[in-house]
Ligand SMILES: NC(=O)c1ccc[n+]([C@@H]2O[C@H](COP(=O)([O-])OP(=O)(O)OC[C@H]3O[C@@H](n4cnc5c(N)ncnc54)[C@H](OP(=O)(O)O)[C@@H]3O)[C@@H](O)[C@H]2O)c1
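Here's a solo chain for you in structure tokens, the form predicted on its own.
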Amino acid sequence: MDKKIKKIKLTGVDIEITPIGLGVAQFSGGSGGIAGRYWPKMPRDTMDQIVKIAIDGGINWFDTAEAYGNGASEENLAKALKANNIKDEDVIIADKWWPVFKFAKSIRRTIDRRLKYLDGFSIDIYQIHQPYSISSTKSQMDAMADLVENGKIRSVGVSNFSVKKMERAYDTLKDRGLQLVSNEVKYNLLERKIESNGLLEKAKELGIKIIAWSPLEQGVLTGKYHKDANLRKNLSFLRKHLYAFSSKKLERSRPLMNALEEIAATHEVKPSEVALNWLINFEKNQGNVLVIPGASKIHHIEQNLGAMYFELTKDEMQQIDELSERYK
């Protein structure tokens, strides 16, 4: 496997990242809180191996958050990186502050806690996790800008922000001489609303990268739940009751899934690899969309990596586009 992946430069900062990163929410499994109950507990050696395969396969960044087990994901990521002798300068880490029921002053007050859990690894991209703080967007961005100026973080992003809130965040940072580098939102072949509501286009215009979370729709785009609906019984209580796993939605997306299966067979890859490849290489997305699939098993990270190493034809791109257009 050729490890020379073309990295994407974030606007306004000296940070380059691979089109695919690794989301490590699963590293919080069994830790308590919403995220800890959502994911099963993962063995230490599995986390270490997943990170090793990611690094060896060319991935250079990881996405974590305060909300993922109140530090568990951050701490387990740091342990896995150290177990593989990875140094701070070798990786890019994106982290997120949880704003619900909090004021902007919490951003400054809790940053040292985030860094403590990361145990020597820097925060290269620090994001507001949700647009639901008690404080205004301006107050939050001013607090983030203070962290950049104080050397606590390298750049600022947001997550799940609407077009208007994203623009407000961008304008506030611009007044401080900084760029809003990212907006992390749900985006996949079964969830394409950012293409029709103006978010993708405005982000491109402002130089803001879209980071797609849940790019495989919680595993639905692997095709395994279309083949065996009984697999839903093994999911956590929270996951199995998501609409994504309903019989209605699975049947509705079956034509798309069948096409992904056929295209995958042509390239000798998995359907999930085709779904990820389309997200980062579709004409309007290329260089503007990054994805952060998670991995709870070794074969998950191997397939995530594989998505960067083959090329879909224009006809295949168009076919996938047409079959998933209903989800815009």
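Quantities reported herein were computed from a predicted structural model and do not represent experimental measurements. Position 1 is the first residue in the sequence shown; the rest follow in order.
Below, we refer to the form predicted together with the named molecule, which is not included among the displayed structures.
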property: Stretch in contact in the model of the complex with the named molecule, which is absent here, among 140-148, 105-113, 81-89, 209-217 (heavy atoms within 4.5 Å); result: 209-217
property: Arg168: touches the named molecule in the model of the complex, heavy atom cutoff 4.5 angstroms; result: no
property: Met47, heavy atom within 4.5 angstroms of the named molecule in the model of the complex; result: no
property: 4.5 Å heavy atom contact, Glu184 to the named molecule in the model of the complex; result: yes
property: Partner proximity in the model of the complex: Lys224 to the named molecule, non-hydrogen atom cutoff 4.5 Å; result: yes
property: The unique member of Ala25, Met308, Ile320, Leu10 whose heavy atoms fall within 4.5 Å of the named molecule in the model of the complex; result: Ala25
property: Among the candidates Asn160, Asn197, Asn258, Ser122, the residue which, in the model of the complex, approaches the named molecule to within 4.5 Å (heavy atoms); result: Asn160
property: Contacts with the named molecule in the model of the complex, stretch 48-68 (heavy atom within 4.5 Å); result: Asp63, Tyr68
